[in-house]
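This document starts with two versions of one protein chain, written out as structure tokens and named structure 1 and structure 2.
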Structure 1
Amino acid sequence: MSYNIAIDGPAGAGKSTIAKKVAKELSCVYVDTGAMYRAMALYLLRCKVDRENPALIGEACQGAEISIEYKNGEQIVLLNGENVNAFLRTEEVGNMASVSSANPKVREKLLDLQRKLAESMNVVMDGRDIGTTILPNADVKIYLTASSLTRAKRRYLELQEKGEKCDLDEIRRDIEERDMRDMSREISPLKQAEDAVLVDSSEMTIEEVVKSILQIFREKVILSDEVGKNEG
């Protein structure tokens, strides 16, 4: 039985944590598309491309070849052959990714890679436009969200744990700004696909969210597969 699960939602909703756990439960592969956009952003930052200049971004991104490898179940992002995982999770890269991912040339470069991964194996893929654009026929589509305050608090605790100085209001402003950019861009904006199930994790634990997604998967994929077999 082959299947794909798409999880979309705004920054900080817990997509990657949840998607990783769901993939582990189902023994399938977790594909983090945000990391691909981050690798592209890292390349653009290294090239010192002006983020306000879409034409330059569109031109410069042609020099970045992004590919994916899996080692011990972990996704490794290769930027022109270099493993860049260690450089992707900074605020600077995240903010650049939010700007550069609105560029059609950047999206075009990553679309094929994402579709091919989903064609070649069972995946839980998370991002912003997986259910709407990348995998419109995904077997399960989840739109995972939480209030901006909840998301800011989670990020604040994460940064504090790492010993980084941070300010809750600033993080919340940053998150709301990123939501605005991701939701209002012309190409592939973040929005709930018509056939996606909305999961609001504001008042839920990670385990509760994972459980509810596995339940949706069972109903949509396993049960319908069994019905299909019985009918066949």
Structure 2
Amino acid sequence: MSYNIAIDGPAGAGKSTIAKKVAKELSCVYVDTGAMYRAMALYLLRCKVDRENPALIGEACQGAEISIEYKNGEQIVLLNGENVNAFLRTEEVGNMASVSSANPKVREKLLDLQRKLAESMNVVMDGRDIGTTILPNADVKIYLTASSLTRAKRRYLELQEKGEKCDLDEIRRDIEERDMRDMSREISPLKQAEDAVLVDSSEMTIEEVVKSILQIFREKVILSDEVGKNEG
């Protein structure tokens, strides 16, 4: 029987970093939902679908089968059986993904593919609506957050390391505006699932957050399995 871990939370909370580390610790698959949306965008570009035509995008996306697997520790994104890792990070694909990811038919198709992955293997999945929409029956649900100031400081340091000029107050305002958009959008808004455990990483290191989630996993999955066996 497979188990699923859903990690939701606002932008800049460190979801992907944490999810990858948790998946590695548990030897399960980290499902990069963003990469799946990019693979879909690549498929639509190859089909030469007009990005301004939502109906055509919705129709064309049905022909894409997208999956994720790991080889030698590397995540491989498969589009109709082809490894498309080398094509996913171009500006053109990113721009198409920005448009196509808002299409209800694309979201529906990828939701179906993501659920199939979760049914067939142990997965850790992160995003804005994993525990509420994509995997409502996940064994473990985490709502990972941090104060807007903490998230802004993290982003500020990232940009500084890249040599980019940036303003902390401006970054914080952008983050708070994005939170508002994510929480108020019509389709799958960002919110904490009723049965999710809140983890506030404002005063925690990455290692402490990972340790905390692994402990929650052990309590919810490992211990409950052992209790079930003993009762049986």
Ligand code: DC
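Every value quoted in this text rests on a predicted model; they were computed, and no experiment measured them. Between two forms, the rigid core is defined as the largest C-alpha subset superposing within 1.5 Å. Just so we're on the same page, residue numbers count up from 1 along structure 1's sequence.
Trainee: Working through the pair one at a time, identify the form predicted on its own and give its number.
Mentor: Only structure 2 matches the form predicted on its own.
Trainee: Please find the hinge residue among R128, T145, V31, L44, where one rigid part turns relative to the other between structure 1 and structure 2.
Mentor: Answer to the hinge question: V31.
Trainee: Superposing the larger rigid part on its C-alpha atoms, how much does the smaller part rotate between structure 1 and structure 2? Whole degrees, please.
Mentor: Smaller part versus larger part, rotation angle: 34 degrees.
Trainee: What is the magnitude, in angstrom, of the C-alpha shift at L78 between structure 1 and structure 2 when the rigid core serves as the superposition reference?
Mentor: Its alpha carbon moves by 7.4 Å.
Trainee: If you line up the core, how far does the Cα of R107 move between structure 1 and structure 2, in Å?
Mentor: Its C-alpha position differs by 2.9 Å.
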